[in-house]
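In the block that follows, a single chain appears as C-alpha cells, in the form predicted on its own.
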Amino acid sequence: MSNETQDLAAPAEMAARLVNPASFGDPATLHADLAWLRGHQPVSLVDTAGVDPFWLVSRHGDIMDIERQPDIFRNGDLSTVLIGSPMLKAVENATGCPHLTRNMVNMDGAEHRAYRSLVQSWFMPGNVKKLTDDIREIARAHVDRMMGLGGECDFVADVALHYPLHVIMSILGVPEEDEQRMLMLTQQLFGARDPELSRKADAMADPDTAIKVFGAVVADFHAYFSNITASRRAEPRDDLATIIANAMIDGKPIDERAANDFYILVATAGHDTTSASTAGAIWALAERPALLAEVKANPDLIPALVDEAIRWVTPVKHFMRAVARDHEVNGHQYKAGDWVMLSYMSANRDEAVFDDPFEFRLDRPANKQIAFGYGPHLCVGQHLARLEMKTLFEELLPRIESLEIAGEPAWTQATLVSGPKRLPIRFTQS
C-alpha cells in the first residue's frame, strides 16, 4: 500500500465493522462510522482481514456520479456484492465467474439491456397501476388478519414478510401454497450469516461450507423454477413467469439456467426489500405517536411516509462496482481493476442532501433517497414497491388508534440486505 493510499484508509475498527454481517444488527453504530467517513474520508480504502481491498464511497453526490458512468464502473467484472476473499474464490471455482447467480444486477451494456427489457414494461407505472385493486385486496386481507391477533403481534413475522411476498408471487405466478418455501429460501440466501435465518449460520465463515449452503439454496430455487418454466412453455398464462419462460435473448430462447436465475432475482428482491421498508415505517410510527396521529389525520402524507421509510431503512445497503479504466470522480483517482462499494446506507444519511438526516420526517420537500440505486441499474420494481407500501398503509392506519413497541426489535445481520427481522408491537383499534 502506497503512503498516499494509506492516508485514505478507513480506520481499522471501522473497516472491520463495515464488512462484518453481525454489525448490521446494530445500524446506529454503522451510521456513526459512515457519518465520520462522509465528513473526513468520503472515499475510503477498506483494507481489512478476509476481504479483498475496496474503495467505500459514502457521499450521495459521488455515488450518483459513479452510477451515471456504467461503462467505467461496471457490474459484471467483479462481484456485485461484498463477500470475503475465500468465499469469492469458492464462488469462482463453483460457477466460473464472481457471481453466485447471473442476472441483470451483475450484467452490463447490451446484455443488461436485453434482460431488463424483458420485464421493464411489466413494472412501469401504467402497468403497475392496473394491479391496484388486486394489491388492495391482498393488503386488506393482511390487515384483517392483524386485527384478529388480539392487539399484539410481531409485525415482521405476521404482516411485513407475507404481504409483499404474496403480491410478487401472484405476479410471478407462484401458487400461494408455495410462498412459505420461497420465503425460507430468500431468508437463507440474504441472511446467510444471521443465526436466526440461516441453515448453518455458525459454519458460514468457512467458505467450503458456505458455498455448499448457497449452492443448496440456489439448487432448491432452480428445481422449483425449472418446473415453472416447463409449465409456462406448455401452457402460457398472464403472469411474469410466462414472460421469462418464453423470452428470447439475441434471437434465441432463453436457456434454463438464465431463466432460473431471473426467477430468483424477481422472487427474492421482489419482496424482501419491500418487507424491510414496510416494517421500518411501522417501527418509526410506533416510536413517534405524534407522527402516527399526523398521518392518520392527513392520509395525503402516506406517499411521504413511504419514501421516508425507504430512505430510513435503505434495505439494500450497497452494491459493488469494478473500475474498467483509470478515471477520476470528484478529485479521487480510481485505477483500472479497483473494487468500489456504493454505500446507499451512507448516501441516504448524507448531511449535504438531507436536512436532519437522522430524523424520521415527512415534511421533506423532495426526498432524494437513492435506496433503489440510480442510472441504468435503477431498481425495476420501485413503482410496485411504493404502491404496495402505500396501499397497505391506506388500509392499516385508519384501523389503528395507537401503536407502540412491545418488546425488543431486531435487525437482520447481513451486509447486503438488512432490515427489521423482529418487531413486536402493541396496538389498539380505531
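Only a predicted model underlies this, so the values are computations on that prediction, with no experimental measurement involved. Don't overthink the numbering: it's just position in the shown sequence, from 1.
A second form of this protein, the form predicted in complex with protoporphyrin IX containing FE, is not displayed here; the remarks below concern that form.
- Per the 4.5 Å heavy atom criterion, protoporphyrin IX containing FE in the predicted bound form is contacted by stretch 116-124, the sole one of 247-255, 116-124, 82-90, 327-335.
- Think of it this way: in the predicted bound form, protoporphyrin IX containing FE has a heavy atom of just one of Leu292, Ile211, Val266, Ile138 within 4.5 Å, and the residue is Val266.
- When protoporphyrin IX containing FE is considered in the predicted bound form, only one residue from Val218, Val143, Met104, Ile302 comes within 4.5 Å through any heavy atom, namely Met104.
- Mapping the unseen interface onto this chain, Asp62 falls outside it, with no heavy atom inside 4.5 Å of protoporphyrin IX containing FE in the predicted bound form.
- Proximity of Ile168 to protoporphyrin IX containing FE in the predicted bound form: non-hydrogen atoms within 4.5 Å are present.
- Although the partner is absent here, Gly381 is a contact residue: one of its heavy atoms lies within 4.5 angstroms of protoporphyrin IX containing FE in the predicted bound form.
- Although the partner is absent from this view, Pro53 stays clear of protoporphyrin IX containing FE in the predicted bound form, with no non-hydrogen atom inside 4.5 angstroms.
- Contacts with protoporphyrin IX containing FE in the predicted bound form, taken as any heavy atom within 4.5 Å, map within 344-380 to Tyr344, Ala371, Phe372, Gly373, Tyr374, Pro376, His377, Leu378, Cys379, Val380.
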